[in-house]
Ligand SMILES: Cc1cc2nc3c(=O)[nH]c(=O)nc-3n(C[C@H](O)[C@H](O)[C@H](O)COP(=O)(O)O)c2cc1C
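Next comes just one chain, in structure tokens: the form predicted alone.
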């Protein structure tokens, strides 16, 4: 059992996850695409930002709360959608949702989750969002949208930056995909990681079988070791602005578009009625020449800032990163790998520990910057 109290930052959770998970699973979380330039540039862009702190001020009563769609959240972040979370820890989606609810922030569930959205809504609740990949079979996509709306999803987050499967060579090398290709190498790898094998995979087997993508309709749901999921439920390269308009008309809650980097695209999405944008390059996992999100963020803010909610992701590792994002004009951040590493190491408790660490880092940084509230974090704190 990992001593979670002995892990003091996200980087240490990453190392602990690497020890616990089989290599093919760890690389699925940790890896990016091709030469992994984009993922490195994401962190480099964040690290280049310098803050010009203010002093002296009374910063004894710091408040991390902020408004999101007319309601307060306890800090300006949410847990990003991560497909395959349930492979890292038994029913990890429930733990992610519980940790987010306890932290007073939203949890966005992925289309490719191993626990159905309805169950998370029923057993956990909280501010639940749902991430959508538009499938080639539009009628099935729209039925999924109606399902999550009926279950109480506050927001629908449509991912538009993945029209085709990215070139992730480590997944092909490791046999990771749909279906999972069992090889002597990855079978051996599983046996060399008994904590994951017994604590995750065996629990699924005892509960009735291997993990399934439970948000897929029952007639198309296939276990990862069965033949490939029908092409009707693959990625779609025909998603355009008209499709976003159809989804806006269909979904009654908040609609956000994830994967927006260009200012003109941001303007177009706002014109279509998007309630929010996620400035994202998918964690550097799709296009290896993609601009870093923190470099793209100012252009999006200049185009639509104040007209819609702006979220940024890709490379968030510290509470201080949240201050940098807010100073650049984002309303909040979302974390994918950071909280997934927490789930990989300790399930709900691991996610809670990661969120607590980031909260502590954020409030400490606010004091040292010289601000008491999130709204006081503005562009005049940026050095140069």
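Residue numbers count along the first chain shown, from 1. All figures in this text were calculated on a predicted structure; none of them were measured in a lab.
One more form of this protein, predicted together with the ligand, exists but is not displayed; see below.
Visitor: Answer yes if any heavy atom of residue 81 is within 4.5 Å of a heavy atom of the ligand in the model of the complex; otherwise answer no.
Guide: Heavy-atom contact with the ligand at 4.5 Å: present for residue 81.
Visitor: Using a 4.5 Å heavy atom cut-off, state whether residue 335 contacts the ligand in the model of the complex.
Guide: Contact check for residue 335: yes, within 4.5 Å of the ligand in the model of the complex.
Visitor: Could you tell me if residue 141 has a non-hydrogen atom within 4.5 Å of the ligand in the model of the complex?
Guide: It does not: once the ligand is placed as it appears in the model of the complex, residue 141 has no heavy atom within 4.5 Å of it.
Visitor: My question is simply whether residue 131 lines the interface with the ligand in the model of the complex - judged by any non-hydrogen atom within 4.5 Å.
Guide: Output for residue 131 is yes: heavy atoms within 4.5 Å of the ligand.
Visitor: Counting only non-hydrogen atoms, choose the one of 195 to 203, 279 to 287, 144 to 152, 262 to 270 that falls within 4.5 Å of the ligand in the model of the complex.
Guide: That would be stretch 279 to 287.
Visitor: So which of 244, 105, 110, 115 reaches within 4.5 angstroms of the ligand in the model of the complex, heavy atom to heavy atom?
Guide: Only one option qualifies, and that one is 110.
Visitor: Could you run down 365 to 384 and flag each residue that has a heavy atom within 4.5 Å of the ligand in the model of the complex?
Guide: Nothing in the stretch sits within 4.5 Å of the partner.
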